[in-house]
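Take a look at this one chain, the form predicted on its own, written out in structure tokens.
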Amino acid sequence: MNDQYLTVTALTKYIKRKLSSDQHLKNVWLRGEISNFKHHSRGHMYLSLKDEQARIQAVMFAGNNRNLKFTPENGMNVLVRGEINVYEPMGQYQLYIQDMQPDGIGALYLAFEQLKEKLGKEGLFSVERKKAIPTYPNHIAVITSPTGAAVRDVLTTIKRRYPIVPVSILPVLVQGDRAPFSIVRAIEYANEKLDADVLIVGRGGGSIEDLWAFNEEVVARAIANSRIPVISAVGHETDTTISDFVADIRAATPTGAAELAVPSIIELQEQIQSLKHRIRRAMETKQTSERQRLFRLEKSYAFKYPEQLMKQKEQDLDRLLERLSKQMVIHHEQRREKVSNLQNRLFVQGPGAQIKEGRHRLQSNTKQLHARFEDVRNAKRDQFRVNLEKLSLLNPLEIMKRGYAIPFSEKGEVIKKVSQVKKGSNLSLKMHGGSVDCNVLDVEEDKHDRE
């Protein structure tokens, strides 16, 4: 019974084999709108193709999308060709895209517009980046096919207009898959090895496919990074490439590029002749003017009567010398008076006067200080004398002179009251002139003092 059940893997492999064996699913042409587009970092593209009623998963590996001229986007209608098969881990069928084209407009046109928008946003077309083409170039490098008509047109035009300038031809491929890198290497070589000051990059006319190398991003960036000013000359006047936008100047044709690169020697010769004529006329005018001025000088008073003029000038000189002498005297007096005033001010306000005044002020202050010191000393002396008299009045020796004595016990203590004395005890009386040792015969207290 269990043998009737299949595993999911077995069923998926069975369906995969069935789809792989179907020849109609090996080469499917499909039209749809892109959604859920994702460009993986490894280069693979994952997307869904949908219409109004259905949706299918699709993948385009890096090996297949490497040569796409445009970048797929969500919402873009495309025509794809590929194979239907099963992605086993998810058990879902999907379209493995091998080729993709925009639906409605050409892939090259779409790629052109996308790159133009991208580089434009980076500022590679801005006028501020454009370098000026030198008016009189010293060396021109031409990057183009060595066998095309363009190189002949450029060389013929330069030889006719400005044959003195050296021209270096850098031969490159101008169409095909290797053309972009051939052009890039030539631009880099010219910048690194040549001393050229103008670079012409271009080719003759052709289809958009023939001109496509000049729409490649690597070529556009090489032109933008060139230190040498670049003139783009691709195809005919109606042909426009990305190189035209990036270059410092665009020429409608290779012949036009050569005309922009060099001046016309015939026009230069005409300009030289015109300048010679203008210089000659200017010199003649100047000569006539100077001749007339010389004639006026010859007819002037100084040349006709030089002696009178000399006398007149002598008188003028004397008058001026006299005036100068007077002015010098006046000036000297003014200076002398000013010096005198300054000396007086210096005498009054100078250091000597200041020192004298300071010395006088010091003597006055010294006298005041001495007088004040004497007053203070006398006051202190009087106060000392008064205090000395007060101390004399309180001195016990002075009191003893008036007949008083101080009793001391046998222990040498002062006896201050009668109760401290005992009958038969010995005591000593200190009085003026010495002391007396006494024996107490009797003690009698004063009743009034007791009370």
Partner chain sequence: MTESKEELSFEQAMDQLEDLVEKLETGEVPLEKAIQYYQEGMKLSKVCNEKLGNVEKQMQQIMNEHGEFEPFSIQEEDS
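In this text, all values refer to a predicted model and were calculated from it rather than measured experimentally. Numbering follows the first chain given and starts at 1.
If you look for the form predicted together with the partner chain, you will not find it shown, but the lines that follow are about it.
- Contact here is defined as any heavy atom lying within 4.5 Å of the partner chain in the predicted complex, and by that definition each of Pro171, Gln271 and Leu275 is a contact residue.
- With the partner omitted here, the stretch from 160-168, 307-315, 230-238, 200-208 that lies within 4.5 Å of the partner chain by heavy atoms in the predicted complex is 160-168.
- Comment: the partner chain is not present in this chain, but in the predicted complex one of Ile265, Ala224, Leu115, Ile249 has a heavy atom within 4.5 Å of it, namely Ile265.
- Ala282 is the sole member of Ala282, Met328, Ala379, Leu320 with a non-hydrogen atom within 4.5 Å of the partner chain in the predicted complex.
- By the criterion of a heavy atom within 4.5 Å, Thr156 is counted among the residues contacting the partner chain in the predicted complex.
- With a 4.5 Å cutoff on heavy atoms, Arg152 counts as touching the partner chain in the predicted complex.
- Not displayed here, the partner chain is approached by Tyr189 to within 4.5 Å at the level of heavy atoms in the predicted complex.
- Within 4.5 Å of some heavy atom of the partner chain in the predicted complex lies at least one heavy atom of Glu290.
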